[in-house]
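Here we start with a single chain on its own, the form predicted on its own, put down as structure tokens.
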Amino acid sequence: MQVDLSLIVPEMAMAVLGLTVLILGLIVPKESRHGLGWFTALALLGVMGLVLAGWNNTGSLYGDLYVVDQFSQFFKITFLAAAFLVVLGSMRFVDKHLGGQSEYYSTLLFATLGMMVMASANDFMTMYLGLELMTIAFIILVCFRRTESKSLESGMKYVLLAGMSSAVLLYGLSLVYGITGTVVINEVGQALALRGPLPILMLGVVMLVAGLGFKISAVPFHMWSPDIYEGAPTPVTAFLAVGSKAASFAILIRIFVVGMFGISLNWELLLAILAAVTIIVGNLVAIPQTNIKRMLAYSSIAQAGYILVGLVTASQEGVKGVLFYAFLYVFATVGAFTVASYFYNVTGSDEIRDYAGLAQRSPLMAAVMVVAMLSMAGIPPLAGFVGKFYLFMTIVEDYLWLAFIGLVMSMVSVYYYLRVALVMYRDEPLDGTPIAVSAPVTVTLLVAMAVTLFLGIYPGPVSEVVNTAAHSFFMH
């Protein structure tokens, strides 16, 4: 079997990079390790360049167990962009609150590697290995503040709940394997198309939805998100909210659109109901929150519901909507969490009331927070409006009720987002000292805001790329 290793050069580069950063932590003197953040950020840009250079270099490895197409490459670009922005925006936070720069950055790189493997995995075993690499790395990152009880509590909760969800997912995969006799997702779809509806298959599908529903924080598998988002270091929360969610959607699309396509089970309706409940619960429970991280946690639950909408029709347009929304969600969410992270770095508070007068203390931070939140609410001309338009356009004919729920809940979300904006712009600050934003954080905030505005005003180029990626997914 001839193996074209050029297809997995970005993955090999990420593995080498993660080990290099870890080793540098042993060699470089402690007082000089602050530069590891810049090294990691620049190296991530290099890996992203490798993915972009190999955009048209597609194929499969190891008997179709690992597929490299524009679909997987677009997701890899999304993961690398998220990792780059998180690293760039968290340098000062890591130096002040976390320490252990080499361990932090290398673990973040290995989490990104796990996501990249998940995006290209075309069989259950490779997919599960990538998922566990990502999950174990996030467990370490969540409890990285080992001297803080809230961080350790979050780590323990994440270990227990992630282990339980992985067990449920693995059992569901084993049931599907038992029915089909194969772990290759393409072959699973072909085998299931020849069989009638079996009760054990229905059980397997439900367990797959439950296991992956935990990873994307879909209701009712969302119970871990608020506590863990609040307790984890804020930069880790940002990466957990965007990276792990996008990677989980990548494998959700492969399993259900390819592996379950053509079977007589009505899993589309199951996903539609799951999306509706997730959108409603996420938005309604976000309203009374007084902690910015918990509010953003419930907001991210609602965003997962919106992205699920794209899976309901299992069409090329739906996959395009998922890809586009996952990409823009990275910039809006990282922008909001970077503001929260830097604000905590300066004030030591995550309470919304303490954001009073932020527009006077740091106009850039306040502007980025407002733009990010209004984009997530779907207000034109920001990117979130275009993303939701692409998603709901695919379901209007068959699931009009779901589009109506999404529209109403988007209007509800404006309430709790604008509540934060009012505190920042209307209320007088308790401490009027200006907040000096560091250069890396300034770059992160400007990039996040610029992309969010650009994709809302001129989505055409990215839309064409996303359309190519979605088309390549259905070429197999």
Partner chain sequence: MLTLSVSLHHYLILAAVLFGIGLFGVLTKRNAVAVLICVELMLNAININLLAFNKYITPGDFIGQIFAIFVITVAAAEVGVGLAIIIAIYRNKLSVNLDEFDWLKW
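The structure displayed is predicted, hence computed values, not measured ones. Positions refer to the first chain, counted from 1.
What comes next is about the form predicted together with the partner chain, which is not displayed.
**OP:** Identify whether the partner chain in the predicted bound form is within 4.5 Å of every residue in the set P233, S349 and T433, based on non-hydrogen atoms.
**Re:** Per the other structure, none of P233, S349 and T433 touch the partner chain.
Original post:
Just one of S341, S299, S154, T112 has a heavy atom within 4.5 angstroms of the partner chain in the predicted bound form, so which one?
Top reply: By the 4.5 Å criterion, the partner-contacting residue is S154.
**OP:** Name the residue from V183, I77, A314, I255 that puts a heavy atom within 4.5 Å of the partner chain in the predicted bound form.
**Re:** So the residue touching the partner chain in the predicted bound form, by this definition, is V183.
Original post:
Okay, which stretch from 237 to 245, 82 to 90, 224 to 232, 331 to 339 lines the partner chain in the predicted bound form, with non-hydrogen atoms inside 4.5 Å?
Top reply: Comparing against the partner chain in the predicted bound form, the contact stretch is 224 to 232.
Original post:
Counting only non-hydrogen atoms and a 4.5 angstroms cut-off, does V168 reach the partner chain in the predicted bound form?
Top reply: It does: once the partner chain is placed as it appears in the predicted bound form, V168 has a heavy atom within 4.5 Å of it.
Original post:
Using 4.5 Å between non-hydrogen atoms, is Q190 touching the partner chain in the predicted bound form?
Top reply: Although the partner chain is absent here, Q190 would stay clear of it in the predicted bound form, with no heavy atoms inside 4.5 Å.
Subject >> Exercise: E148 in contact with the partner chain in the predicted bound form, heavy atom 4.5 Å >> reply: Result yes; E148 sits at the interface with the partner chain in the predicted bound form.
Original post:
Using heavy atoms and a 4.5 Å limit, would one call I140 a contact residue for the partner chain in the predicted bound form?
Top reply: Flag for I140 set to yes.
Subject >> Residues of 280 to 315 having any heavy atom within 4.5 Å of the partner chain in the predicted bound form, listed in sequence order >> reply: Q289, R294, Y298 sit within 4.5 Å of the partner.
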